[in-house]
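This document contains two forms of one protein chain, each encoded as structure tokens and listed individually as structure 1 and structure 2.
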Structure 1
């Protein structure tokens, strides 16, 4: 970020970091780079988290507040007022894709800036159904299935039956249907149905889960496309919404059984290094073009991700749009450079453009170099359906290297009790290599150097997904 670009617009702003963990830390660091003061929040359970320690160390006076919940909008607004914040950064999760919250922030008596897309865009694209309709209207391919949330069991069964029959007609030997919580996101509340007779019980389970977790029992029913790659396109635009650029593609195909991403790679395919049964470069070009087309059509005005699935035949289908910064933005930033500025911090770009600065560069100014791999280190048991592990971390070490960036909220001083209220994510390890082979070798070396131990009250040793990550490193970008 050149200092010349961070002009007057950024002065006199103070940002409320309305999130926790590593994303809160990245936002605070980005604020530091841009010279913007911030205030942070934490709940009682998070008192020992790295983001609390960082806020205490770097935030200055009136920069850290204990709240009852990260989910309470009133709480956030009262802290923002008390700390005299002028903008709110929601991070990812919590309020990041809540258009009502974004609208409230920008429309209240003491108006603030919501650092994310404008609330109308979140409303339009944050809804999977609307996104699907918009995509279809623009000729963008989408996954076959329902294009509105289903609340009626009989109707749900009818749709599932049609999708099963469609797959049988297509000659698919093991047809599958996906049942998703309509209001869900990030892979939560999704189940597969193998047997049409099992549909009703799965539907009821997902519906009940959706009601408990998202207060909306609507579900989507879609064809489950097997044997696909999960790709993403990273879009950035400024408040004019007229000049979106992309920061390349990511491949997030290596997931846990709960459809949770575990390894992300940028770029999405490497046709120069690996052989594909289809024109991989054309697929990447197509999904970028489709994503930019949709972004332009809605006047997309901040950071967002278009999520795609690509079948073995090389057919892309749009899944959804995430109208927020994502966990994995760092791996795209790691391989990108803006001409004349050097490395990229997508969170700083989000803050800068969110506060009203123009983008200041064009697509031609963005260069990509090498391959980035991001490992999500999580306290979970891969042998037991990736069940979260609860307990204390007693040791967490790794060998530093210039090609490695570790993002973690686990404090240096251990032991650290993992709070049970949130995802059991421990760290993101971002590795860079000049090509896929080098990146994989470095990834394996990092995992070999990792020492992560702990135990819980019942004496059980910490379980993590490190071995799963290592086992799957060889699979990266192979279709």
Structure 2
């Protein structure tokens, strides 16, 4: 349930759920908690998806609209107009961090509300270089490297040479330079350079990729930090932008070979239960303080995530800011309480504050209890570079437990054909325990109880990452 009473301000709204799958389902359920009607969309490929079934059950046929693509802004605006929506929730992916789309939603003749930060904030923090420049101006530590778009090849080579030399001076035997598309995200548009003589060709390749994918040739050149943990800070604020709070930290260090998250844990470290070679509590406190400092500086006015690298020496470096709700918001909500009350729903908080309600609580009102683990169940082959698997799911069940939350768009009625047009994400399993040991034990028990089978058109059995998740459970939060 919502952590604050909803006011009359919500009752005059209707939200376009501009996404698919489990995030669309979470948005619909949050709307239900808040008493807000919605309109949902789907493509032909998603006709059997759970989000379509839920929209039909919660809102009826009139709440459901078929579109040719989730990427077509014109179609989305047409649906919003036909359904008389007053706000658009982009979820994650697609248009979630597209400031032009957010601006269009709020500036068109029939204005609507974009459920997310204001378009100006998305534009400012969506660019890694702008974010780094802002962070440095506030004394927030960032990864060594450029803090503005690099378009000149000779200048890029000079910066790379400086970073290589710096690492050698630090005693790093195999220095690396990271070349990143400044407008990219989610691990896209990033390459490593081991040999200074190879830098020029990699720089050209990333620059051309950035132009094709993001319409911006801006390239960021950074030191490549190899031995690190990936931590996040969950921020929530209302439209005043003056009173951001945090909902703790997460550790997202267990990833695929393509640096895509597979297990997320809240909180980011557990110094009470595990030993670290640095002051882990101080690191957690520092990255929270730095994140809130930046949020206040820009007047951040919705949900967002500050992403951090923490080295084995306990040095934190800001990596980027994600100006949207994230897949893993649920694991942070699972361990949070507001004024002693659990059941926090960060998507509901995002919606009601996005529509103009005040936050209604302060940092002192938020407490945390236990440890949460989120597993991303995906149809993929970890033994073959996490290659996506395509085919039919014929069985998908597990043993329910009070400490388990399953979020999935896979319908109860099987078989279900996994659409080839999208990533083969199947479910999020959120586990709660009173401490890290209990959470890990429960996580392993869940994975043992899981039955996930199917086959493709050739008769080959379904591939999933369930075994990978179990194999990596024991090393959760270790560094």
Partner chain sequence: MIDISELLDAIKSSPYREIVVAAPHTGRMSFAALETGMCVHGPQGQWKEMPGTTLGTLEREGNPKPICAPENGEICRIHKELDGGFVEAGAPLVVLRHMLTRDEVQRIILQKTLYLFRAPERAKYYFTPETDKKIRATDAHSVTIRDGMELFIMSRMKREVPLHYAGPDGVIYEIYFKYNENLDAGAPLIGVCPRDHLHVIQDMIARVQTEWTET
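Numbering follows the first chain given and starts at 1. Throughout, rigid core stands for the largest set of C-alpha atoms superposing within 1.5 Å between the two forms. None of these values were measured; they are calculated from a predicted model.
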Checklist entry - The form predicted in complex with the partner chain: 1 or 2? => result 1
Checklist entry - Which one of 61, 402, 44, 227 sits right at the hinge when the rigid parts move between structure 1 and structure 2? => result 227
Next on the checklist: Can you work out the angle, in degrees, by which the smaller rigid part turns relative to the larger one between structure 1 and structure 2?
Outcome noted: 12
Next on the checklist: Keeping the rigid core superposed, can you check how far the CA atom of residue 148 moves between structure 1 and structure 2, in angstrom?
Outcome noted: 3.8
